[in-house]
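Only one chain comes next, encoded as structure tokens, the form predicted on its own.
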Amino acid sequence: MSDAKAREWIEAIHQLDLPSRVRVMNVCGGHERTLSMAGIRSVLPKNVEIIPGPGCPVCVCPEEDLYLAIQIALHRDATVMTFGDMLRVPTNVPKREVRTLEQARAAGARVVPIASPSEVWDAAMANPSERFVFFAAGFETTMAPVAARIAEGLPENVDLLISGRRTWPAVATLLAGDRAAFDGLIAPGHVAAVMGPEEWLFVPETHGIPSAVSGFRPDQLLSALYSVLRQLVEKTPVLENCYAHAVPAGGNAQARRLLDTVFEIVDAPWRGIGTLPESGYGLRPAYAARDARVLHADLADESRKRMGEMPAGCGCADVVLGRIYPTECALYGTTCVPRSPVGPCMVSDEGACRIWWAGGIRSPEDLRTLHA
């Protein structure tokens, strides 16, 4: 059924009287994975470009947090537990030094990859005499279950290093420039399911840019893309919820309440981009005594904040902001490949570079064939 619907949406898109060039941004690693793995770009009109945007929380996790997590693992009698992608993200230190959590583990530090916050709680309860540090990086959909576990009760032997980020402020930053970075937006369905689709109303209402909330199947993405393109042709920018069965008005009230209970909204640094207003989650004062940044402040290196750009020559920041395609980075496919990534966009399963590589787009020539 979804294949048949996908074909119908492709035909409908080709029938639209579109401008000579249309740029539509998506801001979800899951969307980008579907677009790439299903080959959707190859079946669209050649003048329609879909730009991967800020959909990878691992990619923008500030370097000072990665550095601190590594130092805690190396110099404290504690186990650092974090989501699997974080282990391979490199910091900007000399190659002779420990650059990743994975290398710290190889050097004997206790570093454990996890898939769920529950694994931290289980490990802490099973080993009450040991100390654990939960390094949590993620967008709203990750931080909501993190908040739920913290609100239920934080084990006495668990400290928190929180690097949570909010999605919409990055898009707002892009649109605050002199020139619109894109002509249409596909909004992330999973974030909207938590926070409500209303968060994205500013895109059409303030900036006049067509928008649609999308699910993750190819037919759902094509439905949202058709909505955005039709709005563009008809010059009627709105926010259309094309994922209504999973995204209710107002989002998930309980998840939002838990986020508000545990976290406060703070200005936050994004690696390679800078500090974005109201873009991060910080622990509320009730949890300050368990804040790893405070507890291990002596291990922090303030210069990391000044050195928090991407590694030399790495274009990850521009990829995250939709300014360049992965294939336009000078390191892509040369010194930066999945087995030896230079930048975080080639590490994470939500990073556009890693997704494009897995999808077979290995060079600028591969990309040009899609838009020839």
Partner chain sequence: MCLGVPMLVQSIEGFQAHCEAKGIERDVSLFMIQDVDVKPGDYVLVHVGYAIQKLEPEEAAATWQVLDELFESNELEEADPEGAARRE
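The structure presented is a predicted model; accordingly, all values stated were derived computationally and were not measured. Numbering follows the first chain given and starts at 1.
The form predicted together with the partner chain is left out here; the points below concern that form.
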Problem set entry | Segment assignment from 292 to 300, 262 to 270, 188 to 196, 71 to 79: heavy atom within 4.5 Å of the partner chain in the model of the complex | 188 to 196
Seminar exercise, completed: None of Pro210, Gly280, Gly138, Pro90 but one has a heavy atom within 4.5 Å of the partner chain in the model of the complex; the exception is Gly138
Exercise. Out of Asn157, Thr173, Asn252, Gln103, which one falls within 4.5 Å of the partner chain in the model of the complex, going by heavy atoms?
Worked result: Asn252
Exercise. Contact between Pro218 and the partner chain in the model of the complex at 4.5 Å, heavy atoms?
Worked result: yes
Exercise. Does at least one non-hydrogen atom of Val58 fall within 4.5 angstroms of the partner chain in the model of the complex?
Worked result: yes
For this session: With heavy atoms only and a cut-off of 4.5 Å, decide whether Arg149 touches the partner chain in the model of the complex.
Result: yes
Problem set entry | Residue contact check: Ala312 to the partner chain in the model of the complex, 4.5 Å heavy atom | no
Exercise. Any chance all of Gly84, Pro117 and Thr142 sit within 4.5 Å of the partner chain in the model of the complex, going by non-hydrogen atoms?
Worked result: yes
Exercise. Does any residue in 324 to 359 get within 4.5 Å of the partner chain in the model of the complex, counting heavy atoms only, and if so which ones?
Worked result: Pro338, Arg339, Asp349, Glu350, Arg354, Trp357, Ala358
